[in-house]
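Shown below, as structure tokens, is a lone chain in the form predicted on its own; questions about how it binds or moves come after it.
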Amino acid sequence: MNSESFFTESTKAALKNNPPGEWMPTLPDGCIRLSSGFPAPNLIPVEQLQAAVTLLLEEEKDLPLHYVGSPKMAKLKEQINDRLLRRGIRVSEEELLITSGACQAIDLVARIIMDHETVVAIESPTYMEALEVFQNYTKHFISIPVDENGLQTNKLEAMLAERKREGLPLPRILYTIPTFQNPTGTTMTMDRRKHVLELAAKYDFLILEDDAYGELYFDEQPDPLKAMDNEGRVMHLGSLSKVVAPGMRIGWITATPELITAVAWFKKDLDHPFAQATMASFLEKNDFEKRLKTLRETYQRKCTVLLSALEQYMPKPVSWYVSEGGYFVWVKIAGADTSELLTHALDEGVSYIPGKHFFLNQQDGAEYLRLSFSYAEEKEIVEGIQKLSKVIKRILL
């Protein structure tokens, strides 16, 4: 029997893409992980989550372990709504859906919005897992470059105007990470935020705003696009993965009631009742604002250590953007192929993610790499940059 003969044409097309997660390097023992976009291990609230589970089961017995789940699932929705209100996002119950992480939300949006003819506008570079998801549904992409001030909305406008003049299909949706972008760490300016909303109205497309890092600001918290949206064009994604624990898989999406109804239709009962109830119990019993303050201070300190180490040890062909929040620093090594360079870096004992994995046209990312300051300890960050600098000098200079 040929099992593949039962696949749909769209499945066959999707399977021609690179396997999900192929970009992840195999790390040698003791390697300094500047590749890992994970929370710092010591910032995962293990004891508090354990206490939340214990309290939950003591109070509700078997309820959180059933299909229907615990009443605390509704409480979690209220808690997330409260967090959104703090950022200027006002939504009704019908405009908010809890998801199993932001990645499920991305896939659900793609499912209801995209088909094989859909044109999608993306940032270049962009979050590689979102790109992998979108490629399961369409092959039609328009890449708009990112600079130190985020998405270059003037180039987006030029592209839209050109396509309209030539009678080409316009994008149905724009995927953007305007705040502390993954991978570049950059933040879209307020002028550009206003501009992109104006373009969405003028050219009639939706905006999928990925805001996974929005609460991890160092100095000032930018306004989300959703807080500025007067037409319901912005679908806002959020997650507790970066600020509590990624393994809990708690995310959400806000959008118009019609869009949320469609997303929920395909989500059906693909919830994690126990995880949602546990998170609600955790948020109920812990000072979350205090926790966020600790996270911001810690990650700002780590980012400063990384930037200082780059300044001290990197040779002249190397440049980078200065992050104002989130997890990442985007580095350019002029004349390098960072994929080839990675082999030597791993031999030296330090890892990163080559830039090519964040681009639709991978060759566009040959000179770039992403460094994460979230996971490694400060001493390891300095040592890792020293090792990486040593490799760059030996191979390129």
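In case it trips you up, residue 1 is the first one in the sequence shown, and so on. Not measured: the values here are computed from a predicted model.
The form predicted in complex with a further copy of the same chain exists for this protein as well; it is not shown, and the discussion that follows is about that form.
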ask   = in the predicted bound form, which of the listed residues (360, 366, 346, 57) lies with a heavy atom within 4.5 Å of a further copy of the same chain?
value = 57
remark   = Partner-free chain; cross-checking a further copy of the same chain in the predicted bound form, the single residue of 311, 231, 198, 191 with a heavy atom within 4.5 Å is 231
inquiry  = Which is the contacting stretch out of 157 to 165, 138 to 146, 290 to 298, 259 to 267, given heavy atoms within 4.5 Å of a further copy of the same chain in the predicted bound form?
reply    = 259 to 267
message = If we define contact as a non-hydrogen atom of the residue within 4.5 angstroms of the partner, is residue 24 a contact of a further copy of the same chain in the predicted bound form?
response = no
In the predicted bound form, residue 112 touching a further copy of the same chain (heavy atom, 4.5 Å) = yes
message = Can you work out whether residue 245 and a further copy of the same chain are in contact in the predicted bound form, taking contact to mean some heavy atom pair no more than 4.5 Å apart?
response = yes
query = Counting only non-hydrogen atoms and a 4.5 angstroms cut-off, does residue 41 reach a further copy of the same chain in the predicted bound form?
reply = yes
query = Since the partner is left out here, which residues of 266 to 284 would have a heavy atom within 4.5 Å of a further copy of the same chain in the predicted bound form?
reply = 266, 268, 269, 270, 271, 272, 273, 274, 278
